[in-house]
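Below you will find one chain, with nothing else, as structure tokens; this is the form predicted on its own, and questions on how it binds or moves follow later.
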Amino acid sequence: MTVRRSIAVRPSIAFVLALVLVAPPAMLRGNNLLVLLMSLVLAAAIIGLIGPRLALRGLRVNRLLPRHGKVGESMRIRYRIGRTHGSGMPAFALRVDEHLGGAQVDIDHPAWVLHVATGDTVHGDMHVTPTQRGKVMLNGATLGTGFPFGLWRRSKTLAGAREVVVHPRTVPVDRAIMRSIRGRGLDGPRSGRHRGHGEEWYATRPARPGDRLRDIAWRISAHRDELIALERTTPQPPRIRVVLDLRRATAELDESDLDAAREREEQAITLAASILQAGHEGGDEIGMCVLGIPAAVHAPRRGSLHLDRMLSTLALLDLDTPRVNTAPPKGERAGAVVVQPDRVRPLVGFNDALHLSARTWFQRAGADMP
């Protein structure tokens, strides 16, 4: 059985070998063919040296960042590369390498552009997969090319530091758990403050075609020359409050070592984020507060931006911060769920709340974080 192996040869090494093989015979013998070959090799070297310089001249690069990233999901960083008219020759085989810092990420592939013509604008995408929540620091980028022969690669540094917040990883949450949380509210269904299709009365108005008979205010209509209809309020969705209890320091948790304790804290953050995501997808009003680490308190609301703010708060939690004995919030009209890292410790003032342990949750679900 014959095994064939390919050997990668750098263009610069190939150029040196060609020059070594062609130059001595050309200079010693003076053969026209050998001199022509040596001239071609030297011309290729000069073109390979000047070409990348001219290609990078006048290029404009803008970085387009996503609103946020998420652990375990691919994140796209887009680069818009353009050239104005009369500012250099067309560029080929451009590559953008980003200088990343902060949270850990895996680079799937860098941004690469085949061709940028004069007066044209193209886009190149860089795909990275965050493996840790927090901030990904983009400290700058390098735009380079080795076209046409790859003998010498030229590059230019793109200044401008930016950052992207990486949200925690989320896992599926059973619908029965969400129904149990919703059922622990103090009030149940409520009426809103806006017009809608609920059951409670909001205002009266002249009747319109299509109104139901049950929506007609017959007593009021009897004293007027027209039919008067009832306006209904919009029903309010259930409210959920997620309480992440991190008041115990990492070393005080019921775990064998510090690494296992820190993993439980990360799992607790993941579980809290998963409940928030499930509540948002279910149309609930969701809120969150963190105990033990200074963080913003989010009142129950709806909307994607509100969810992003809460996930960003979880993403930026520093578990190395000294813990403080934060007082739990006072009872409110919302179903509460208390998430704790190692084991359940009943929280004072949350007797009706659902208490969840991240260790028990992930062991039963078989979804331990890597």
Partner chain sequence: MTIDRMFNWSSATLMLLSVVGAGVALDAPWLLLAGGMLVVIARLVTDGPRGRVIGRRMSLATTLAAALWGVWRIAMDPGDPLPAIVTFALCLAVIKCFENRTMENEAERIVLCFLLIALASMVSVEALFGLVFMLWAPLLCTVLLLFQVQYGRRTFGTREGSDQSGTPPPAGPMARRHLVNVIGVSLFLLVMLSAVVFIVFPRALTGNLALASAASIARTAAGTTNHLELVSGTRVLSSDAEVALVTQIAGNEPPGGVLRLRTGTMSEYTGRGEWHPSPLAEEEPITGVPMWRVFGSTEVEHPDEFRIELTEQLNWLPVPAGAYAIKTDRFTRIGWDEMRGVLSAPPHAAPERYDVRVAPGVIPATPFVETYWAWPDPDIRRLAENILTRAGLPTFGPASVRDREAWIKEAASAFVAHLRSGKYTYTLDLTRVGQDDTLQLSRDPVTRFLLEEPVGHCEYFAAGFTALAQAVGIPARIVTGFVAYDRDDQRRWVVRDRDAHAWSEVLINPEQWMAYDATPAAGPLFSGPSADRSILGQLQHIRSRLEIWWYGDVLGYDASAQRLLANTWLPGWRQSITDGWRTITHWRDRLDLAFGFGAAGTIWLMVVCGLGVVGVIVLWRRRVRRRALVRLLQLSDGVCAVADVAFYGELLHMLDRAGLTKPRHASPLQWCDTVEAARPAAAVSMQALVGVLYRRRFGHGDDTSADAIKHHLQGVAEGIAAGRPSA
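Positions refer to the first chain, counted from 1. All values reported here derive from a predicted model rather than from experimental measurement. Take the two forms, superpose them, and find the largest set of C-alpha atoms that agree within 1.5 Å; that set is the rigid core.
Same protein, other form: the form predicted together with the partner chain, not shown, and the subject of what follows.
- Think of it this way: in the model of the complex, the partner chain has a heavy atom of just one of Leu64, Ala327, Leu305, Leu40 within 4.5 Å, and the residue is Leu40.
- Note on the partner interface in the model of the complex: the residue among Ala103, Leu143, Leu291, Ala278 having a heavy atom within 4.5 angstroms of the partner chain is Ala103.
- Of the heavy atoms in Met137, some are within 4.5 Å of the partner chain in the model of the complex.
- Of the heavy atoms in Leu49, none are within 4.5 Å of the partner chain in the model of the complex.
- Contact annotation for Pro322: none of its heavy atoms lies within 4.5 Å of the partner chain in the model of the complex.
- Taking the partner from elsewhere, Leu314 is found to have every heavy atom lying beyond 4.5 Å of the partner chain in the model of the complex.
- Picking from 283-291, 156-164, 203-211, 253-261 the stretch near the partner chain in the model of the complex, with a 4.5 Å limit on heavy atoms, gives 156-164.
- Although the partner chain is not shown here, in the model of the complex the stretch 249-286 places no heavy atom of any residue within 4.5 Å of it.
- Core-superposed comparison between the shown form and the other one: the CA of Ile46 exceeds or equals a 2 Å shift.
- Once the rigid core is used as the reference frame, the Cα position of Val22 differs between the shown form and the other one by 2 Å or more.
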